[in-house]
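Just one chain follows, in the form predicted alone, and it is written as structure tokens.
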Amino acid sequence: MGIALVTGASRGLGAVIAERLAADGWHVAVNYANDTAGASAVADRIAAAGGSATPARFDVTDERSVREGVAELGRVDVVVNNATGPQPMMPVEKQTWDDHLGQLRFFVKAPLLLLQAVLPGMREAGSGRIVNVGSEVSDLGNAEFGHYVSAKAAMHGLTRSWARELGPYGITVNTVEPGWIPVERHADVPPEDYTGYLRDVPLGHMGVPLDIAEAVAFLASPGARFVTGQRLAVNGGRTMS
């Protein structure tokens, strides 16, 4: 089917997204910055399941690194912008511009660099898929999280603008907005945090990484060829309006 690049795919949501896309027949580039062992394990699991994957180490926030990393892959058909950095909560009076820039590096700069790197090949092919992994926080406006919330909202702004600009080339651009999906880094979260979150989830249970991966796989598939510029919330109905 071609190459699908999943950023930040050595663990968490990215790893499951990579495995799910491989199950659909994509050759998956398992992008990572530092966790070689994790990315290799993801690629090995994909191979053991009969799929095809390659670890792809490069920093998605660095222009030269992205350019060289994508060049090594060849023409990329799908980009899933999933990579993220630390997400500290802090009162607004303590937030600095650098805190905001830190979030924008991952959710605006990185998607831009990646799009620019893959765009010539997608234009030549007359097709392509960009899937941005956003967050329900851009709808909910979580307190003490303005730096993260605004960057995720900006990411969907890219989705809408790029969808209009790139549609004539057969390239679709969409956002998947997860709710809180527990992964490895949430191992120490106290039970009361889950209870509080679930009060506002109509389906009454937490989501799992595969829920997000299924949505991404749909948007990357031929079945989504007429879907672009959209924001798909995958959070058990928490932000329905």
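Not measured: the values here are computed from a predicted model. The numbering used is simple: start at 1 and walk along the sequence shown.
What follows is about the form predicted in complex with a small molecule, which we do not show.
- At least one heavy atom of residue 87 is located within 4.5 Å of the small molecule in the model of the complex.
- The small molecule in the model of the complex comes within 4.5 Å of a heavy atom belonging to residue 133.
- Interface membership of residue 40, defined by any non-hydrogen atom within 4.5 Å of the small molecule in the model of the complex, is ruled out.
- Shown alone here, residue 211 lies farther than 4.5 Å from the small molecule in the model of the complex, counting heavy atoms only.
- In short, of 71 to 79, 158 to 166, 106 to 114, 90 to 98 it is 106 to 114 that has heavy atoms within 4.5 Å of the small molecule in the model of the complex.
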